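Below, in structure tokens: the form predicted on its own, a single chain.
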Amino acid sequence: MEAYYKSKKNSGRIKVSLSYVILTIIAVVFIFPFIWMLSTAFKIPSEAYTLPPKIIPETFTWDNFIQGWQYADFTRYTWNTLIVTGLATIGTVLSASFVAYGFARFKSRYSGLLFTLVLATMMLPSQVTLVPTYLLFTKLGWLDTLMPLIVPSFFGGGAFNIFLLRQFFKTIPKDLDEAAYIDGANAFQIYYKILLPAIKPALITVGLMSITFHWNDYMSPLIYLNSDQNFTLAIGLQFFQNSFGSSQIQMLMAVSLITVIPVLILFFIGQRYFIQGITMTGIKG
């Protein structure tokens, strides 16, 4: 009997060790492109193209960051990206929370059907709505402006965000609403003063996802923007690559590193809320 338990214990250890080895290999595969970008950003041109590539540069240089930033108008691209990301995130959080509040707290004969239709939009590929959306923005005269990248966020905020926030709203007892109604509060005051503070982790989660999406969004700016002065960072990097090809890869990596740092910092700051928001939504509802 003792041999059986000992064998079972050893088998468990082998499984755990094997899992760690597989996870470590997968993690290395996924993180290697970032490490290569980080390494290349500090290399001199002659080292950037050596084979096999060296992870640690023999000569560190900061010139790639300065020269790369000056080769294109990345200051303007950054400003445009900040405007789009900031306003679109505000619109996403406000509109998604407002719609989710309606689905969570107000019932009607068609609320279930409407919520199903909202979720069904997640199944639609973005290419399906691309042409009618483009024609709409053309009629509105919004092409080559930042409006198509900002305004849609104020109309719903996305089906997944609505679902996420609705699940959070449903975890809050309705007794709070009824007590507030007795005290004279209306529906908007309950939403704004009672429920929104209670779902802060979910709001931060939606905000972080929105920031990450709009900061890195490539397809929408590529379709709607034509002028260099309106480019965002994602398009600016593509513009840089098209202009210089792979001849200045060390500068491209340096500028790319600068552009991902704000998102990484923001993610690590809000990581606790992000995990809490996703976890709570998964176990309650």
Partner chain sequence: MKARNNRIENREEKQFFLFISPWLLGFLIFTLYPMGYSIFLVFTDMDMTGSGQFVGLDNIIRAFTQDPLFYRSLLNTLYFVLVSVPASLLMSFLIALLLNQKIKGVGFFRTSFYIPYITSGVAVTLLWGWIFNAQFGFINYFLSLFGITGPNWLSDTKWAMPAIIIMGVWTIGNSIIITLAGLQDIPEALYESAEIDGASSFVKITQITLPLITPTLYFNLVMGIIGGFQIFMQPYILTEGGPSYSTYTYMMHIYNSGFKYNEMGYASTLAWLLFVVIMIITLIVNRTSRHWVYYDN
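These numbers come from a predicted model, not from an experiment. Numbering follows the first chain given and starts at 1. For the two forms, the rigid core is made up of the largest set of C-alpha atoms that agree within 1.5 Å on superposition.
One more form of this protein exists, namely the form predicted together with its partner chain; it is left out here, but the text below deals with it.
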Under a 4.5 Å heavy atom criterion, is residue 256 part of the interface with its partner chain in the predicted bound form? yes
Partner contact for residue 32 in the predicted bound form: its partner chain, 4.5 angstroms, heavy atom: yes
Is residue 78 part of the interface with its partner chain in the predicted bound form - any heavy atom within 4.5 Å? no
At 4.5 Å between heavy atoms, is residue 56 in contact with its partner chain in the predicted bound form? no
Residue among 179, 198, 82, 114 with a heavy atom within 4.5 Å of its partner chain in the predicted bound form: 114
If we check its partner chain in the predicted bound form, which of the residues in 254-270 reach within 4.5 angstroms of it by a non-hydrogen atom? 256, 259, 260, 263, 264, 267, 268
For residue 50, is the C-alpha shift between this form and the one not shown 2 Å or more after core superposition? yes
If we fit on the core, is the Cα of residue 219 displaced 2 Å or more between this form and the one not shown? no
Aligning on the core only, does the CA of residue 66 end up 2 angstroms or more away between this form and the one not shown? no
